[in-house]
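A single chain, nothing else alongside it, follows as structure tokens in the form predicted on its own.
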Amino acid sequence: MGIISLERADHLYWIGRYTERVFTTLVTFFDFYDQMIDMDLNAYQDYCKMVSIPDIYGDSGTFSKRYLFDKYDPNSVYSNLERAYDNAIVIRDEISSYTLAYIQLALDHLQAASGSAAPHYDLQQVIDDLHAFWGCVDDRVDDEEARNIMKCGKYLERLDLYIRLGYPDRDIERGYSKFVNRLDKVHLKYHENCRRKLDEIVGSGSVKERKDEAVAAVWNFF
């Protein structure tokens, strides 16, 4: 395949980031939702702080509805999935219409879940759609560079969220390893000081103690 332009590389990268943001957000949301139901109605406030979004919700019920489904909330799951779709449709020839269709399916299922009597059960379909999307990427996107750029975005987003949300060290280490593996296969410029910082922090198992440094290194990586 030919050299991927900077513009197309940017779209590929952000497809990876936004789809992973939705995926990890939904998986984590279920844990916080259980906390709100069983123990602490204000657990959502801790979640907002962890992922650095403003608490514009006021209560757990409003949070559950707006954060998941409100297309006018720029931090919502719906908004992030819509951004993934917007990036994907620009380069549908590169990723194939079949691959794009799984993001559309995820959007459709997310919208349908907003009117469901059991939305949190129905959201599992969105997670399944995103699993299918990545399977389709591996099967249908012929350009290896394109696949690796998408997965750079995917694993950097995963690393960012895992650090912010306090995932176990082993999960962070695994996520970072997957990111570096893809990074070394693409022609993307990045800040080497950020990589050295993450090598040091993740390698030493000191992510929790140096969380702010780790988040800053991820944020400024490219």
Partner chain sequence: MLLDLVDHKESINRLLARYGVKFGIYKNNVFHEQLFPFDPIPRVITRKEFDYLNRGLSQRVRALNCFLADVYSERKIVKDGVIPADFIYSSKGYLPQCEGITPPKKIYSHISGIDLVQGRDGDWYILEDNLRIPSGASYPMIARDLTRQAAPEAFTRRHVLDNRNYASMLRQTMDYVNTGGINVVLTPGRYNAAFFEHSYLAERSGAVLCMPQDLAVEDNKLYYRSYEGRKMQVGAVYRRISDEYLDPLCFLPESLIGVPGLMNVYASGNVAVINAPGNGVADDKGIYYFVPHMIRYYLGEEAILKNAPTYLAFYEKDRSFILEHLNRLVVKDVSEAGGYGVVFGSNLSAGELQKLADAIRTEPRRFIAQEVIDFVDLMIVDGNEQVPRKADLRAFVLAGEETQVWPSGLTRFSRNPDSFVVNSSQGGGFKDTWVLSH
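Source: prediction; values computed, not measured. Numbering follows the first chain given and starts at 1.
In what follows, reference is made to the form predicted in complex with the partner chain, a form of this protein that is not presented.
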Contact test in the model of the complex: residue 5 vs the partner chain, heavy atoms, 4.5 Å: yes
Spell out, yes or no, whether the shortest heavy atom distance between residue 9 and the partner chain in the model of the complex is within 4.5 Å. yes
Find out whether any non-hydrogen atom of residue 97 is located within 4.5 angstroms of the partner chain in the model of the complex, and reply yes or no. yes
Can residue 49 be called a contact residue for the partner chain in the model of the complex at 4.5 Å between heavy atoms? no
So which of 112, 141, 127, 101 gets a non-hydrogen atom within 4.5 Å of the partner chain in the model of the complex? 101
Select, from the options 165-173, 66-74, 181-189, 53-61, the stretch whose residues sit within 4.5 angstroms of the partner chain in the model of the complex by heavy atom distance. 181-189
Since the partner is left out here, which residues of 79-110 would have a heavy atom within 4.5 Å of the partner chain in the model of the complex? 85, 86, 89, 90, 92, 93, 96, 97, 98, 101, 102, 104, 105
